[in-house]
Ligand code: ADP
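First, one chain by itself: the form predicted on its own, in structure tokens.
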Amino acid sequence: MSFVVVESVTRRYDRQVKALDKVSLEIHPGEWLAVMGPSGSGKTSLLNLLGGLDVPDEGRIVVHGVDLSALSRPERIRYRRESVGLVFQQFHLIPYLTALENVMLAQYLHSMADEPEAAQALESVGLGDRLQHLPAALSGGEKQRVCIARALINRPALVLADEPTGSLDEANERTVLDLFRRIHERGQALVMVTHDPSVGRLADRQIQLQHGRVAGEFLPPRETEEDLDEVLEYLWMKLEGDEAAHEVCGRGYRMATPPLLERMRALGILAPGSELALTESGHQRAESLIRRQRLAETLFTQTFQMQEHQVEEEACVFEHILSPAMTDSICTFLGHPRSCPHGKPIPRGACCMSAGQVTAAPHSHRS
């Protein structure tokens, strides 16, 4: 049974411009829906309608059996307080209230402020040491995490997010997306507006808006072999004990979602169970991948003297296309190096064994 039903909704502005034109869609309980499309396509207008911040000129929106189109303004305010969590790109924090007080304000508007509960919500998003900081003293990523804690404090059934990572750097984007993955895993329905295809593919389903209409509806594409390699590279570095694995392998970290990890278990790359353990075949595949990548980094640095950012870009391409024979040729040409320019061990190959070297690998298959 659908959790949200949007039926032939039209929204006009200035009686002429149609922000939405007969849009119909359904959202299932616990589903993560990505709303995508160019600027001006109606994405934010749709989010405002779902949140009860606006009303349609035609059609209706039903959320968990409640027809928003039939609600009075006070009833829509109550609906937002009790059923919806809103996360904006621009944060909308009260500047003279601390992070803790901003979260407690949402509690107060809902029912009753509870300081320990608000503090726990901030601790859950990694801000336990920022409770008493004003917004001006927080970074962009920290402000967004306050917004997420505020949006979730009343346990809404529907979470709406409008470009929540649009103004964040890569590190903070990963942190915030991880929080949204946790929201999704808890079974809350999540509707996220985004321009970023890599963010959109984290969702269960995507819809594309064009000129106020639904131009397409897509399931994110199944993982490619390259996607699996990205996750394997991230897992290998974790096995090595690299605490910066999530930064160095940002794409693999973002893609290591529960559904993809389950897929890797089904493919025999990861062992069954809740722990992240490589199978023997998974270990061999990851070892070969890391070897190609680190040999390419060494070649580009020592032989071609490329800049570091160029080395990383080119190595990411070569790690997926080097044949075993070419990999051994590069290794022999370089004199069978034991480590890459970053000091990480390069797994040995057959050519290294014939040269009398010992195989290098992480000590454990578990992280």
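Quick caveat: nothing in here was measured; it's all calculated off a predicted structure. Residue numbers here begin at 1 and follow the sequence given.
We do not show the form predicted together with this ligand, though everything after this point is about it.
Participant: Which of 312-320, 336-344, 33-41, 296-304 has heavy atoms within 4.5 Å of this ligand in the predicted bound form?
Facilitator: Comparing against this ligand in the predicted bound form, the contact stretch is 33-41.
Participant: Look up in the predicted bound form whether Ala19 has a non-hydrogen atom within 4.5 angstroms of this ligand, and give yes or no.
Facilitator: Looking in the predicted bound form, residue contacts with this ligand include Ala19, since a heavy atom lies within 4.5 Å.
Participant: Should Thr327 be counted as a contact of this ligand in the predicted bound form, where contact means heavy atoms within 4.5 Å?
Facilitator: Output for Thr327 is no: heavy atoms all beyond 4.5 Å of this ligand.
Participant: For the stretch 321-340, return the residues whose heavy atoms include at least one within 4.5 Å of this ligand in the predicted bound form, in the order they occur.
Facilitator: If the 4.5 Å heavy-atom criterion is applied to this ligand in the predicted bound form, 321-340 yields nothing.
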